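The chain that follows stands alone, in the form predicted alone, written as structure tokens.
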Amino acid sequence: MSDLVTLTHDNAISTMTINRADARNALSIDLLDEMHRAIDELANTDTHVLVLTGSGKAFCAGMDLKAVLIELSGDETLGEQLLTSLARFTLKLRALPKVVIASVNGAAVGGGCGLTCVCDVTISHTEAKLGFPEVDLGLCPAVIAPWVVRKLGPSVARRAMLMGGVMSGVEAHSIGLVDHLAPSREELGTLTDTVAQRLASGGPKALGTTKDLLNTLDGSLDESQLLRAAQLSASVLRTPEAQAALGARMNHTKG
């Protein structure tokens, strides 16, 4: 495993850290490849709980804009590859027979916010920024939409995804996007450890079986739905509207 993802173990609790802080832990093909490998490795461990978090000041800034801007990459299939890899990773993460905690240390936007909805429990702090700004960039958040609807319910998910933008940790907690809220970034680690230890005290077989049942009841493991959603996101990504909006965003970032 490369330095893009670190995986550590402490008795019954494992921690996967997205380690691309210089890019706000944005999702690239290489990063997602390493995240897949980490999940595969975790499947063979005896830990009961997985904590997913990010290095630096961000949890995950969503898709790497450079990777999906066709004008820069010269490869019209790269965006679809990334979105399909993300869809398959979310399925793999949800199916993992361990309780998964998202410890949202900073910004979780777009696909990064979608990842928090895949996890079983989301913990963040008041200063964090979460949300789904895809529509602001001319994009369609279809690849993460199934998870957001399961997490928030259809009505709240509709409002959050169509309005775009981001929200504070406080607002995210009020709509159910965040399950446990720490008063500050500095106190997030303590709260995450408390929740993780509480979950790890449960029987591993009971936890895994209960999670599998819940996945069956809410249709979480429908691979065909997720892959169709990835293709839909990719089709919008290829449009001139989306490419122009991404190009403008990149130029603004450079400035």
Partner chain sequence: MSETLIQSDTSNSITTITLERPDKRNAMTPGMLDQLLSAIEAVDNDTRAVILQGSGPTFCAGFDLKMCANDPSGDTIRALLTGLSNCVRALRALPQPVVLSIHGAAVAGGCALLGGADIVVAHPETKLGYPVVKIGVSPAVSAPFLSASIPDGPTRALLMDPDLIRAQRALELGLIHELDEHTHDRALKIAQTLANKPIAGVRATKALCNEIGSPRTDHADNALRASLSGAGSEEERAMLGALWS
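Positions refer to the first chain, counted from 1. These numbers were taken from a predicted model, which means no experiment stands behind them.
Keep in mind that the form predicted together with its partner chain is missing from the display, and what follows is about it.
Every member of the trio Val135, Pro146 and Arg159 reaches its partner chain in the predicted complex with some non-hydrogen atom inside 4.5 Å.
Contact with its partner chain in the predicted complex, defined as any heavy atom within 4.5 Å, is confined among 225 to 233, 35 to 43, 191 to 199, 56 to 64 to 225 to 233. Contact with its partner chain in the predicted complex, defined as a heavy atom within 4.5 Å, holds for exactly one of Pro141, Gly112, Gly106, Gly79, namely Pro141. Although the partner is absent here, Val170 lies well away from its partner chain in the predicted complex, with no heavy atom inside 4.5 Å.
In the predicted complex, its partner chain lies within 4.5 Å of some heavy atom of Ser155. In the predicted complex, at least one heavy atom of Met163 sits within 4.5 Å of a heavy atom of its partner chain. Taking the partner from elsewhere, Asp22 is found to have every heavy atom lying beyond 4.5 Å of its partner chain in the predicted complex.
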